[in-house]
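One chain comes next, on its own, written as structure tokens: the form predicted alone.
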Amino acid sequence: MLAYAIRRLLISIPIIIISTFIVFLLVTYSGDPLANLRVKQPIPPPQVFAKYRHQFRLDQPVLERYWHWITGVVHGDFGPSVEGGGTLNIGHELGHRLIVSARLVVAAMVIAAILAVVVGVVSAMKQYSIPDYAFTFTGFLFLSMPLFWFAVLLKEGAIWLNRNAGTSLATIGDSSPTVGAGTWAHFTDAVNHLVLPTIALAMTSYAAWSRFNRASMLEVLSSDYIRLARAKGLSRRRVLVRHALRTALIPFVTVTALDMAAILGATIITERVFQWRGMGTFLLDGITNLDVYVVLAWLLVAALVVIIFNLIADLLYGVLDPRIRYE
């Protein structure tokens, strides 16, 4: 399995390089980083434009700019930023924003996956029963609700509770400006700010995953080898966990890994609603300011995350089904 993982990582390198070049061209020709400077009154002198063109490498051919950027990324230099006149360290800011968003994405994915597996199994085992109908209704309800609308409802509901019930649910930001001393105080503050965004992101993902897992479980439960296991006298729990669930989780792992790109997109909306300073707002600020290298840095990290999650999914196949051999 180690050789397979290394081989997959090596194959991913040319994929990343090709994708970064295509994205670089698209982002480069999407706007002028000096557009805000051109509308100033009075118009700055030509020397100012020449200075910023050189600083942002706009005076270089496109291929040369791409080469400087991709080689700089290898050494931790993600290029000059428009923000602060080029003084912003994109790599440092990216690392901080990535930590903020990672805890939201991981928490939401874990909760959504656990709920989807439990609900999918119960719905399949009790097909056409009241719990199955209830879970089906709930799943379609969350599927039909736009994420931004659901997040706003959660935010407004938490504000109402804080005013009328005396609760202290955090509705804005990823942390409080003033936190008490000690690790526990910082941990509880982070969890408090994590509750609402995690619910918004997890429930929208859980809805689709639970329906998929239910369909996969129904297909497995109707298989011949499941009927044979029951006929041999194996306990219902052993048949469900050791045989049915492990097989049904293989396509579930696939769809979860493929949905990683959609989850990153949903994180942008969630962070915007709850005003988190994570990767989502980092991208939106970069697009607003026509900050080419900020957008490129975000897209590069997103591509790496998607590739890593798909690699993890491939490796989990061998854990769920020992018959799968990568060698």
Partner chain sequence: MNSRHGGRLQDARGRAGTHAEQTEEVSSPNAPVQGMALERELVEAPDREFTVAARSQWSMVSRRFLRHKLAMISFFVFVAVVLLAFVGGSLWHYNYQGFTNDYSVAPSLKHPFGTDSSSHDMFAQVLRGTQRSLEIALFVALVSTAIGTAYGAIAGYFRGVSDSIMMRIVDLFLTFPVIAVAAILGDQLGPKANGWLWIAIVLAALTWPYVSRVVRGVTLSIREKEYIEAARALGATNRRIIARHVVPNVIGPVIVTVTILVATAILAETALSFIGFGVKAPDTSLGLLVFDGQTAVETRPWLFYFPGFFIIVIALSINFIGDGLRDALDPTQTRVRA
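Positions refer to the first chain, counted from 1. This structure is a prediction, so every number in the text was calculated from the model and none was measured.
Keep in mind that the form predicted together with its partner chain is missing from the display, and what follows is about it.
**Prompt:** Do all of 211, 268 and 295 end up near its partner chain in the predicted complex, with near meaning a heavy atom within 4.5 Å?
**Reply:** All of them do, each having a heavy atom within 4.5 Å of the partner.
**Request:** Have a look at 107, 94, 255, 145 for me and say which one sits with a heavy atom within 4.5 Å of its partner chain in the predicted complex.
**Result:** Among 107, 94, 255, 145, a heavy atom within 4.5 Å of its partner chain in the predicted complex occurs only for 145.
**Asked** its partner chain isn't shown here, but in the predicted complex which of 191, 165, 114, 153 has a heavy atom within 4.5 Å of it?
**Response** Here the answer is residue option 153.
**Prompt:** Within a 4.5 Å heavy atom cut-off, is residue 287 in contact with its partner chain in the predicted complex?
**Reply:** Residue-level check for residue 287: yes, a contact with its partner chain.
**Message:** Taking any heavy atom pair closer than or equal to 4.5 Å as contact, tell me whether residue 67 reaches its partner chain in the predicted complex.
**Reply:** Contact with its partner chain, no.
**Request:** Although its partner chain is absent from this view, report whether residue 187 comes within 4.5 Å of it in the predicted complex, heavy atoms only.
**Result:** So residue 187 does not count as contacting its partner chain.
**Prompt:** Though only this chain appears here, would residue 58 touch its partner chain in the predicted complex if you measure heavy atom gaps against 4.5 Å?
**Reply:** No, residue 58 stays farther than 4.5 Å from its partner chain in the predicted complex.
**Request:** Counting only non-hydrogen atoms and a 4.5 Å cut-off, give the residues of 291-312 close to its partner chain in the predicted complex.
**Result:** The stretch 291-312, when checked against its partner chain in the predicted complex, contributes 295, 298, 299, 302, 303, 306, 307 at the 4.5 Å heavy-atom cut-off.
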